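Quick heads-up: it's one chain on its own, the form predicted on its own, in structure tokens.
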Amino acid sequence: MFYIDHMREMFENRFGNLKAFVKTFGCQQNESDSEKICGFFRDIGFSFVDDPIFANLIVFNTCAVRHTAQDRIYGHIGMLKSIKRVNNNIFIIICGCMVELESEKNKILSKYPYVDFVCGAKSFEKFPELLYEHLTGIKIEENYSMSVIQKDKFKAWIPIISGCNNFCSYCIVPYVRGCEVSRKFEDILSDCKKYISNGTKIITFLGQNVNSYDYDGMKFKDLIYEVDKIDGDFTIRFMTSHPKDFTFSLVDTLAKCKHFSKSLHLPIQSGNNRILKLMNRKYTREEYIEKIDYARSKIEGLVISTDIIVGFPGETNEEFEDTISLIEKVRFFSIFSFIYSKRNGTLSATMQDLTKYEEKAKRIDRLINIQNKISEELHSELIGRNFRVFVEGISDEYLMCRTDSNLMVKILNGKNNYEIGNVLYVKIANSGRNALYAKLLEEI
């Protein structure tokens, strides 16, 4: 396309040697978007550096889920001022979910005038055309299909659905990413085949609610079933699931799939039904537990994790105790817990909240302590078991691995020249709160 070539020429004339720095904040969906941003800038001639001081183009792909995330992003944007002062020719782009909020977009443009271009999450698929229009004033109606640079060639993030229709009362995502749009079934299948043929070991389907995928009548369970038919040594994962759409029929499909990872992240958010209703989650505590019990009855060795929000507006101590009793009953391998973060524009931001932050902090500390004990106990039950693991990182001390069910396994690095992507067979020798410790079977 002519405008892509023209952009390449403009950047070459401006910078000469094209060096880009891309930093991602937030979720795996943002990571996936950044892989496309990197692919686009590679297509127009950029290589990539690990330090913004060596770049002539800087991109921050932002998150808006929690207030603390935004504060951290603004700190990073503020630090760019000194780089711009040294190199005024540098080009700075801020994109993603935070920019989709009009108040934050206006704040960036007014408080940080050295930012050159902003692009919200809803406009991401038109990123090349919007950037060209910004640079030239010429509006482009064509749509350039951005290629992808995998951050890790052994892992592939594959978006299957964008946006969200749930409008949980605390969540900003539907406002910054729009309503649900499912990707074409054939395109997802084609992506999977391409990645697997190129040696990708872990396929992770992404969406704010993957369970609600629906393209021309093809549901999420149909997609899983078809991808499972592909030949190859790979594992299927997905995130995130919404409990209201996590069905018994999906469980039945997963139970039959030879490539399913046997790991499930199913956010509960609260163990109390009144709070769940205020959150607009559309399921009850009892329904959630029933689905967990059914999944465990059908899928042996299933590893389950969850999200929990502590201190939602109006949550009483008694209602918080319902969350404690739920984690003690379900016994998750891990939880991601957060103190409620008010997001202007959401329904919960209008709710009265009389609980002091100090009380919320005490609650989350108690929650974490109880969960840590559960995690330790569940990990210790695996001592003596054999697992197939995938090497995903290497340090001087350990090979950092994952089981097919996504549990962290550390193996003492004996300088055996293993590489990221290798598949190993191990026996669990010890355990901790967050990881298992193993020996290679051939060394036992």
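What you are looking at is a predicted structure, and each value in this text was computed from that prediction instead of being measured. Quick note: we count residues from 1 along the sequence shown, nothing fancier.
Although it is not shown, the form predicted in complex with a small molecule is what the next lines describe.
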**Prompt:** Can Phe220 be called a contact residue for the small molecule in the predicted bound form at 4.5 Å between heavy atoms?
**Reply:** no
**Message:** Check Arg281 for me: does it contact the small molecule in the predicted bound form (non-hydrogen atoms, 4.5 angstroms)?
**Reply:** yes
**Asked** So in the predicted bound form, does Gln208 come within 4.5 Å of the small molecule, heavy atom to heavy atom?
**Response** yes
**Prompt:** Might Ile335 be said to contact the small molecule in the predicted bound form, defining contact as any heavy atom within 4.5 Å?
**Reply:** no
**Asked** Using a 4.5 Å heavy atom cut-off, are Asn386, Asn416 and Ala438 all in contact with the small molecule in the predicted bound form?
**Response** no
**Fill in**
With the partner omitted here, the residue among Val65, Ile37, Ile58, Leu407 that in the predicted bound form has a heavy atom within 4.5 Å of the small molecule is Val65
**Fill in**
As a check of understanding, the residue in Arg363, Lys291, Arg343, Lys201 with any heavy atom within 4.5 Å of the small molecule in the predicted bound form should be identified as Arg343
**Request:** Name the stretch, out of 151 to 159, 166 to 174, 353 to 361, 366 to 374, where some heavy atom lies within 4.5 Å of the small molecule in the predicted bound form.
**Result:** 166 to 174
